[in-house]
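Shown below, as structure tokens, is a lone chain in the form predicted alone; questions about how it binds or moves come after it.
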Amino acid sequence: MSCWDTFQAYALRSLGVGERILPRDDFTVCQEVVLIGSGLLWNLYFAAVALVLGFFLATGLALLRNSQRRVARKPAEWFIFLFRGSPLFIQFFLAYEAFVLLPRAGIPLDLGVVEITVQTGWLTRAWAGATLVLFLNTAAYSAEIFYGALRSVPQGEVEAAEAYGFNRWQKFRHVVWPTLLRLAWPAYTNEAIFLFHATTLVFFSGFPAWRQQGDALYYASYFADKTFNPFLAYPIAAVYFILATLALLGLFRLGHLRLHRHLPAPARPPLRFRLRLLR
């Protein structure tokens, strides 16, 4: 099988398209490169969905935590503490076990006029259950970042907005929100990178790879076990993640420039980030 034939057979293997059986012998470098790259699609999916949804939930949590009302502030603090205080691996495991314990036939809901059954089986699949865990986890970490930025918004800017007659929504939209994002963006960039790398835990925690359709690290581990040579498969996966991380940094760089578009180019602060090995 040529490299082009391998690409056609396995390029979308992680999504269930193409050859259904994984190679079992006579492994080639092309097979490893194509299959590991195919698995990266899952990592990109997990990171993209969790980041987009988690961004909005984190904003709401940060505002709730900054509230003067205890009934609004305390649930946000408990949520953030729970997901920041426990390992992500344990969260995956507990979530999968909880989803498995749900009734297989679904949960009946009596609405009075009609009774419907809410299906729960889809939650045990990685595309839904693992994404939910990542979404909640990154929302908690991002909320702490946004909360710190919210507390750092210069009071003079808020008072100037009030002097102009802005109402609460206008003040938040035109003054607090943009300043918050500018202050939080470097730290939020680090969170996005860490979340992307954390997607490699999905198929090694509790969520199984359905029909051997896993992520990049799943296929890298498969080849390492079959060939007894981890020094080829894992570096290939590492190169993929480095390239994807560079693309992610490019996207956040565009966001950084957008947030500072009101400043002349020489006055724009550079986007700096520090990779964290551990949270």
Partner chain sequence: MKRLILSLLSLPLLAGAALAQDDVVRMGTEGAYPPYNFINDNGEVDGFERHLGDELCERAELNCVWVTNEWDSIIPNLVSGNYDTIIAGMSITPAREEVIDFTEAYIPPAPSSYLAMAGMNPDLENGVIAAQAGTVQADFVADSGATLVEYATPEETVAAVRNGEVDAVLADKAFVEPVANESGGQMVLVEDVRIGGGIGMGLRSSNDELRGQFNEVIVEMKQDGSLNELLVQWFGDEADTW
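This structure is a prediction, so every number in the text was calculated from the model and none was measured. Positions refer to the first chain, counted from 1.
Absent from the display: the form predicted in complex with the partner chain. The rest refers to it.
- Contact annotation: T124 falls within 4.5 Å of the partner chain in the predicted complex, judged by heavy atom distances.
- Contact check for V100: a heavy atom falls within 4.5 Å of the partner chain in the predicted complex.
- Residue contact with the partner chain in the predicted complex: P208 places a heavy atom within 4.5 Å of it.
- Contact between T59 and the partner chain in the predicted complex is not found at the 4.5 Å heavy atom cutoff.
- In short, of 211-219, 250-258, 46-54, 66-74 it is 211-219 that has heavy atoms within 4.5 Å of the partner chain in the predicted complex.
- Of the residues in 1-40, those that come within 4.5 Å of the partner chain in the predicted complex through at least one heavy atom are, in sequence order, R20, R24.
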